[in-house]
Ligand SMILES: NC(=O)c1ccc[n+]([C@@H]2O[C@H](COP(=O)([O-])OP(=O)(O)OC[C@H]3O[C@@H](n4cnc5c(N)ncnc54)[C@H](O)[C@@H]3O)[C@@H](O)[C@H]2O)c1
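This document opens with one chain alone, in structure tokens, the form predicted alone.
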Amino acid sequence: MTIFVIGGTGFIGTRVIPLLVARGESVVCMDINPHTANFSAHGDKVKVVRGDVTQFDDVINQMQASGADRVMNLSYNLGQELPPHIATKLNIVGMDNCFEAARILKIKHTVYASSLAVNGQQKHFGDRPVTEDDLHRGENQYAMHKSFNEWQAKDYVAKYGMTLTGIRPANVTGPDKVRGSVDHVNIVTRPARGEAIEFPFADAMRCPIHVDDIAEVFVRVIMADKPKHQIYSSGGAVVSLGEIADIVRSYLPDAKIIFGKQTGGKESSGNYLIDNSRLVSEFGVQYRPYRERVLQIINAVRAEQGLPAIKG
């Protein structure tokens, strides 16, 4: 079976594609920057082609040429910095191009990346985990675009009977993440490089999930013929920046992590209590302990600098 992955040379895609190959699948990866990842170790099991997700002709022509019967769209812009017109082309038009091409080509199953950002701040839900059925409370550019992606997918399913599945990753973390929410990344990577870092509040809450874990989620879902639900939340570790700092210091006692205040950040934190029982019960996902993932990130950074690994 061949799987067509849009945006596969990015942060999550470079983890997803090797997992698909390990399961015996072939992959055609379309990306506007095809040379930013090296899949040569996988031989002819991975083909990388150039294509712009905002251009419908690129999407449908490359998707058709791939011969794939499953599609994964990981192409989007994390963050709020893009001008509205450009962000809309990538996050809205690009996703619609994927859905429409999948409809025309009768793709068996399409999986796309949504985000916990659609939920907005945790304070809207109190001290309970947010479910996939809760109303969207996200208000920024990225959140609104992901909300529309989910609505658009429902519209395609209702009108054409397609199988479209959205995954809402929480705060994805890893040594090479540089866009979107990155404070939970930098609090690990900067001290691992011997650099000091400062944050306003120690009690700011996050829900990190390691990039290897979310890649496994995407792979398990895309391999299903017809999932039971249209949306799945990944969940992750519920942790404050202060608690992450304590974990980092347990491995790097000299880590220079400074907080302006110990309290004051929890109230304005994004969604961090997330019910992922739907995903766990249907796909049997299990995440490695967050503490182990912090050490993994530290050692990845140390390896880049030619330093010996720290033992857990």
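All residue numbers are counted from 1 along the displayed sequence. Just so you know, these numbers come straight off a predicted model, no measurement behind them.
Separately, the form predicted in complex with this ligand exists; it is not shown, and the next lines address it.
Quiz prompt | Segment that reaches this ligand in the model of the complex - one of 158 to 166, 110 to 118, 96 to 104, 223 to 231, heavy atoms within 4.5 Å | solution = The contacting stretch here is 110 to 118.
Quiz item: Would this ligand in the model of the complex be within 4.5 angstroms of a non-hydrogen atom of every residue among Gly13, Asp31 and Lys146?
Solution: Heavy-atom distance to this ligand in the model of the complex: all three under 4.5 Å.
Quiz item: Would Asp52 count as touching this ligand in the model of the complex under a 4.5 Å heavy atom rule?
Solution: Although this ligand is absent here, Asp52 would touch it in the model of the complex, with heavy atoms inside 4.5 Å.
Quiz prompt | Touches this ligand in the model of the complex: His124 (any heavy atom, 4.5 Å) | solution = No, His124 is distant from the partner.
Quiz item: Should Tyr142 be classed as touching this ligand in the model of the complex when contacts are defined as heavy atoms within 4.5 Å?
Solution: Yes, Tyr142 sits close enough to this ligand in the model of the complex that at least one of its heavy atoms falls within 4.5 Å.
Quiz item: Is Arg128 close enough to this ligand in the model of the complex to count, meaning some heavy atom within 4.5 Å?
Solution: Arg128: no, not in contact with this ligand in the model of the complex.
Quiz item: Hey, which residues along 285 to 308 are within 4.5 angstroms of this ligand in the model of the complex, non-hydrogen atoms only?
Solution: Result: empty, none.
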